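As a starting point, one isolated chain is supplied in structure tokens, in the form predicted on its own.
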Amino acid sequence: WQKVLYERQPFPDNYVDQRFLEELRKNVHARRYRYRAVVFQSGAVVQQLCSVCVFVVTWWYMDAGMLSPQGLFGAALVSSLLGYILFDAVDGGAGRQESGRTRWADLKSTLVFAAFTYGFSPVLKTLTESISTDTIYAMSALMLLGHLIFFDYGANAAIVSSTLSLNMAIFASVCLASRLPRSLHAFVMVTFAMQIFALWPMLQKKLKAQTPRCYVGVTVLFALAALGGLATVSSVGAVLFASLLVAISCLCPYCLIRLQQLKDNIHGPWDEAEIKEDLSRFLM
């Protein structure tokens, strides 16, 4: 018997001999994970959860009148300047040289965004007057959940969409800002949303790539700050949120490592043929 179909043989087409299972291979392309590496990668999820938590707590403080828009704008401005300096200092300005973008271009983009946001803040304030508050809260919660689902955590998956994730976060910020007392509150809230949902992840990605130890430290401090802010609003919520962070950063990686040992993918002569030769020359 020969494993060919172009010769007539006294065997059916689906016949196999005793050597069939000799070519069986298991877990050929399976990846082996280390617990510390998985915990390190889970920091991106923890960061985004804390970002959403900080944003919601900040909105709550402004809605309750416990935080002035001037104070939030000043703090956000100072933190943005520090983050801007750190962003260039991490890699010595190599990323800026590769992109060819100047500081003057960054300043112009910032001024244009601030001017347009401030000019349209009265519109943002009255944009959802005809919609009930409960509906606004429900839409904001769904948009923030969608932001977390579609955010780029570094995985190469079809569901990942950085643009959609950012748009959903900004839409949630506009909805929540429309329930604040004044137009200035709405302007500061949308500006703060851009900083924490657009600029902050960019800095974190660079820290993760250039200085992993600094990235871990910043992640821990950011998580503690988010828990501290949430504890001032709800102690029960802080406990539940802390449990969620521990589950994502410690328990889920442990479960992944344990389940990886049970992985049993088989490969053999029954697999579909893969053409590894470069066929682009036939397309000319």
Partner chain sequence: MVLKVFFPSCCSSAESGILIGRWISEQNSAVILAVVHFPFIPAQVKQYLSEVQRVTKVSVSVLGSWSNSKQEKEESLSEFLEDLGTIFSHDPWIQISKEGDSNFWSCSTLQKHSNNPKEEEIILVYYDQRKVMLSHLHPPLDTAAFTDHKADDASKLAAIFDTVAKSKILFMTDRYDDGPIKLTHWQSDGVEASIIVELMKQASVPACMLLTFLLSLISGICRSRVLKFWPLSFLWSKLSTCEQLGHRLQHLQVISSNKKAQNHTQLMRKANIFVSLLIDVALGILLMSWLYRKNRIGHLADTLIPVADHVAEELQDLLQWLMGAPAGLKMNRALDQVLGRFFLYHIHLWISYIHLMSPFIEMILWYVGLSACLGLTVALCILSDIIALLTFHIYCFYVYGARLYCLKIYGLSSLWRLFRGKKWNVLRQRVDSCSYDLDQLFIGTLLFTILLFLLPTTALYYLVFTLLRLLVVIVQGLIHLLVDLIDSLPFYSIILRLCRSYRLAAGVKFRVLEQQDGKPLRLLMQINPLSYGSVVQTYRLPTYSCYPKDTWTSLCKKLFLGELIYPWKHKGEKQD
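Positions refer to the first chain, counted from 1. Owing to the predicted nature of the structure, the values given are computational and were not obtained by experimental measurement.
Another form, the form predicted in complex with the partner chain, is not on view; read the next lines as being about it.
- When the partner chain is considered in the predicted complex, Y84 lies well away from it, no heavy atom lying within 4.5 Å.
- Within 4.5 Å of some heavy atom of the partner chain in the predicted complex lies at least one heavy atom of E129.
- Proximity of L184 to the partner chain in the predicted complex falls outside the 4.5 Å heavy atom cutoff.
- Not displayed here, the partner chain is approached by T163 to within 4.5 Å at the level of heavy atoms in the predicted complex.
- Screening 210-218, 108-116, 92-100, 71-79 for residues having heavy atoms within 4.5 Å of the partner chain in the predicted complex returns a single hit, 108-116.
- Screening L180, L203, V190, I196 for any heavy atom within 4.5 Å of the partner chain in the predicted complex leaves a single hit, V190.
- Residues from 244-264 do not approach the partner chain in the predicted complex: none has a non-hydrogen atom within 4.5 Å of it.
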